[in-house]
Each structure stands twice: as C-alpha cells, then as structure tokens.
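This document starts with one chain, in the form predicted on its own, laid out as structure tokens.
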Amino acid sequence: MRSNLKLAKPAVPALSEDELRHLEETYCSHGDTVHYTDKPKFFSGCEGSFVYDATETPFLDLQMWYSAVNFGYRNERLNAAAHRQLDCLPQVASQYLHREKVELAALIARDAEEKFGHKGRVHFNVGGSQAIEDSLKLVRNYTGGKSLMFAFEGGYHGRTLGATSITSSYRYRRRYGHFGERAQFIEFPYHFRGPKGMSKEEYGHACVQKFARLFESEYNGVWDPKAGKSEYAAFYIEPIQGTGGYVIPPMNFFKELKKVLDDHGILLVVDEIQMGVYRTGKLWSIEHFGVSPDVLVFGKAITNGLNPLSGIWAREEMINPTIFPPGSTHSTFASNPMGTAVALETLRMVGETDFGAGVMEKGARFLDGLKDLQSRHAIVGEVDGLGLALRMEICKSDSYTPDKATLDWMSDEGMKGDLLVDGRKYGLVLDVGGYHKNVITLAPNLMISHAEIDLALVLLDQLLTRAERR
C-alpha cells in the first residue's frame, strides 16, 4: 500500500459531500446505481488493493469493482498502455481496422483452439450484457431461430432485456416482461444448502440426472424423441456462480452435464464475464472442469476496468462470415482502440509468467484464513473458494440459517473506516451476493500481497467480532 498517496486537488473549489448528495438526489437516476445504503461512500483516490476517501483513509477493497479490476487499481503497466493508445489512435470507426483488435482476437482465438480443440473467431462489444445479447443472436441464428434457453437457478447474465430473460432473478424483469428469449431454470449444485447426506460429487450427479430426466419423454416438454429435436437452443452457465454467491460446483458436474447437452444437440454457452481473466487461477474458469464450450462470453477484467470492452468467442461453424455476416450486430464503440490495446497488454502481461500458479497459491492462503475464521465465529456458515474467487456465508449462530441483516450491518460497518490495525484506521469494502443475500463474495486484487491477505483476515475478524457482540 502506498502510504504517501496525495489526492489530486480540483482546479475550482470542490463541492462538499452534503452538496453533492443533494445534487445526486435531485438529478441522478437511481436506476443505474445500487444504493445499498442511504448514503453511499464517496471515494477520491485508489491504488493497488485500496480505495481512499477524502481523509485519505485506506479502504481495503475485497470486491475490486465486481471483479473488473483484477490487476489492481492504477496498474502502472496497463495504465501506460492506455496512455500510449490515447496518444496514438484513441478513436476510429468500426468499418476500419486497427492492429490491436486483430492481434487481440487472434490471441484469444488461438488460445481457445489450443485449449478447447475448436477453431473459432472473436466478436467484440462494449459491456457484458451487450456481449450476452450478441451471443443470443448468434445462438438463435445458428439454431434456426430457437429462443428457448436453459439457465441455472442463481445464475446472473445481465440486465438488458435479453439477458434478464436468462437471469434467474425475477425482480430484474418484473417491470419489463420478456423480450424474445425465455429460460427454464435448472437446479445448480449448491452443496451447502442441498440435500443432506450427499457428498458434493453425489449432489452434482443428482442434479445432472434430474436435468437428464427432461429428455426421457416428450411429455416433459423439451424433447421430441421421434424427430430427435429439442425446443431449447442452448444452456447458459456460469462455471462458478457470481451474483449467486460464488457457488463452486463439484468437478464432475459439467462433464456430466455436457454429455446430456451433446446427446441432445444443445449448445453450451459459458459466461466468463465475472470469473474469467484469472479470477479462478486460469484464463477461463471453465478450464477447471474439462469441458469445451460452443460459445464463451467475456468482459470486465480483460481491460482491468479501464475501458469498456467485452466479447464472445464461438466455434467457426457458428460465427464464420457466411453464417454470421457483417452487420449482424453493431456498437459504435465495439472493438474500440483504447479497450483492445489495454486488453492486449493484459493478456501479454499474464502470459509472461505462470500467473495462474500465483493466484492459486494466494487463494489457498486466503481460504485457509477464512477457514480459521469459520472455526472461531459461529456466524460463519460456509467458506469456499477457487483461486481468488472466495465466499463466506453469514448465518445465525446455528451456522446455517441465512442472516442477511447481519451481513448488511457488517458491510455498513466496514465502510465507517474505523477498523484499527497497528494504530492505523482502515475501512473494508465488501460485496454482498448469494441466494439469500447473506454471502460475502470476495474478489480481491489478483496481485494482492501476502501482507494484504493477512490484513484482510484481521479486518474480517474484527467485523465478525463486532457483529457477534452487537
């Protein structure tokens, strides 16, 4: 952590926080803002694993902009790439080419071909939801216009109209209805809250068998055995559920699921927007599970949050120009030079070392610390993790009953900035997720130091202690 951080002074007198809050209340839409609390925190600076308020109090960020800033705030190498592109070619219309787009697409596609065994192409857009929309177009086009999809309970794929249709939370589409796509939501193997008496692997197998039963008879509503055709085009998955609470399935689960899909001609679309770009110790989290997707969607961290860029990789037969011709989708800012330049530098940076091994080692250290906290605090129900995608479930004192109220209190308490370690005050930035909104979803800086991991555990320990004593 940089101890002598100096926040930039505005050229004109700055408005007070009270004045800014009044303006926000009067003029800002709350529709694009989370507003977990009545008075969200104002931050003025950031560096590495920390964000700073106006008093320069460091807040250790354990969610890193929803896993968008995987490589730390103000990463010198990635910021330098953005500055170089800004001084060279920051803007160009999409009917022209620039080197960064082509090199980035080739790098992603060649890596996917090596890992998944299929030649494919890369198609860019701006945000994660927009890339999901592009993938829906791609899937519908390839399957002859089929608009029904499978997706998971607890799954999250965005809040545009098509994306909300395959996101399990009804509240995201309640006001707006469906737009074309519809999804049937399938049970995800959430072992901590699954049937008792089963191992994690047994529960994963049981979930696959429950899904496979849909194809046993035409009267289950998804399969015509005489024609050998399904009404459903694809299954949209997050290999590890993000907003659903960083739920990690058993390693046998996706192999068994993929066989059912292949047997019935249903595509596998993998949403890597939150778990991709080494959050789990591999470039794509699906690599842990030994299956090859038909379509892979990415975004967020590929530019370290510096510039909106997302995209899809798909198998050649789905995306080649004869089947998905020019203009099939469009965004003015898709494949923009700033985003593609930073993304290219990101992939070069992680490719220079065994970056994933470092993530796995830090993740194991962090998870061991979370297990220690679990052993000492009854309100910690479950902890789990893969790489630096970690979860801590906050419960009642029985260590099982979900306790959203306590986690909400802990989140607010962390934002006070009064946690004391070695005579210095700290704040703690947490993210809330899970089926019952009682899970701390931990997505720290992938370049976090061991000292910062230890600091995070001390701060979490203090919050848990305060919560139990209140």
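Quick note: we count residues from 1 along the sequence shown, nothing fancier. Keep in mind that this is a model prediction, so the values were computed, not measured.
Not on display, but discussed next: the form predicted in complex with a small molecule.
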The stretch from 324 to 332, 363 to 371, 153 to 161, 113 to 121 that lies within 4.5 Å of the small molecule in the model of the complex, judged by heavy atoms, is 153 to 161
So in the model of the complex, does any heavy atom of Ser129 sit within 4.5 Å of the small molecule? yes
Contact label in the model of the complex: Glu238 to the small molecule, heavy atom within 4.5 Å: yes
With heavy atoms only and a cut-off of 4.5 Å, decide whether Lys101 touches the small molecule in the model of the complex. no
Closest heavy atom of Ile312 to the small molecule in the model of the complex, within 4.5 Å or not? no
Note: exactly one of Ile273, Ala234, Leu136, Leu386 sits with a heavy atom within 4.5 Å of the small molecule in the model of the complex, namely Ile273
